[in-house]
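As a starting point, one isolated chain is supplied in C-alpha cells, in the form predicted on its own.
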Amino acid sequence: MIILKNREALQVHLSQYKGKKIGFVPTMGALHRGHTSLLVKAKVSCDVVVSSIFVNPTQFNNPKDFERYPIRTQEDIEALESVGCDVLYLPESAEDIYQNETDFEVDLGLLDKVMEGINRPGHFKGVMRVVKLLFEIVNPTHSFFGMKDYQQYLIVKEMVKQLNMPIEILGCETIREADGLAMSSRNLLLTLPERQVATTLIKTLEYCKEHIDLVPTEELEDRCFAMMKQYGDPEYFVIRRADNLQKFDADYQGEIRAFVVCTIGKVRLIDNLKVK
C-alpha cells in the first residue's frame, strides 16, 4: 500500500488510472471490520482502491467529541494493508484538504431537517463540505459508505446527484459484533459494563421489527423509546421511510427503517435496522 500525505502527490499517483474504476472509502480512522468490509467490496468491483484517514473537525458539533475521538494510525494502516487497500491518503494537515475550497449549495429538502439534522446542528454541512473536497481530490468513480450512518449515506448520495459529480455512491449494510452491536469507532470508548448495556440498541430495533405490523407506528416508537430509557439516555427512536426519512401512512408499501440514538455512559451510539 502506498501512503501519500498531500493532495498533489496523490493526484499524480492516481493519474495513471485514468479510465479505470477507482473505489474510494473515506474514513476518520479508528478502523474496525465495518470499515474494512467497505474496502473489501471496493476491491472486488474496482481496479484501484483508495482510502483516506482524516478526523474532520467541522462535523463535530461537540468539541469534546472531537477531542475524545480515538487516534490509532499505525493500527489503521495495518488494517488497510490486510484487506489490500492500494492507496492511503493521510493528509498531514487540514489545510491540504481545505485549500482552494469553493462555496456550493445543495437543497436537501427535509433530509437534513430530521433526526441527526435536529440533534446535531451543522453536522451534515460539515460532512458534505469535507466529502465534496475529498471527492474532488481523489476523483473516484465509486465511493462506499456504511449504512449505520444511514442519514449521512442518503445526504452524500443527494449531494453527488445535485452537483452532477460522476460518482456512484454505494451503501453497504452495517457490520455487527457477535452480540449484534453495530461496529463503531466509538465502541472503543465504552467500559465493559457499558459495552454490555449497549446491545440494547439492536435488541430494541429487533423488537420493533417483530412488532411493526402489530402495533401502531407512534405507539411502537414510544414503546421502544421507553425500553431504551431503562438502560441509557435515548435522544430518539423513530420509524421512517427509507428513501426520504419521512413519516408514512398505512398505505405505504416501500422500505421502512427504524432509527435509534442513545447515550450509554458518555458515549453517543447510533444504529438503524430495516424493519419492513
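Being a predicted model, the structure only gives us computed values, none of them experimental. Note that residue numbering begins at 1 and tracks the sequence as displayed.
This next part talks about the form predicted in complex with a small molecule, which is not shown.
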Please run the contact check for residue 234 against the small molecule in the predicted bound form: heavy atoms, 4.5 angstroms, yes or no?
no
Going by a heavy atom distance of 4.5 Å, is residue 86 a contact of the small molecule in the predicted bound form?
no
Just to confirm, residue 28 within 4.5 Å of the small molecule in the predicted bound form by heavy atoms?
yes
Given that the partner is absent here, does residue 149 sit within 4.5 Å of the small molecule in the predicted bound form, heavy atoms only?
yes
In the predicted bound form, which of 111-119, 141-149, 173-181, 159-167 comes within 4.5 Å of the small molecule (heavy atoms)?
141-149
With the small molecule left out of view, which of 189, 131, 77, 154 would have a heavy atom within 4.5 Å of it in the predicted bound form?
131
Considering 106, 202, 137, 127, which brings a non-hydrogen atom within 4.5 Å of the small molecule in the predicted bound form?
127
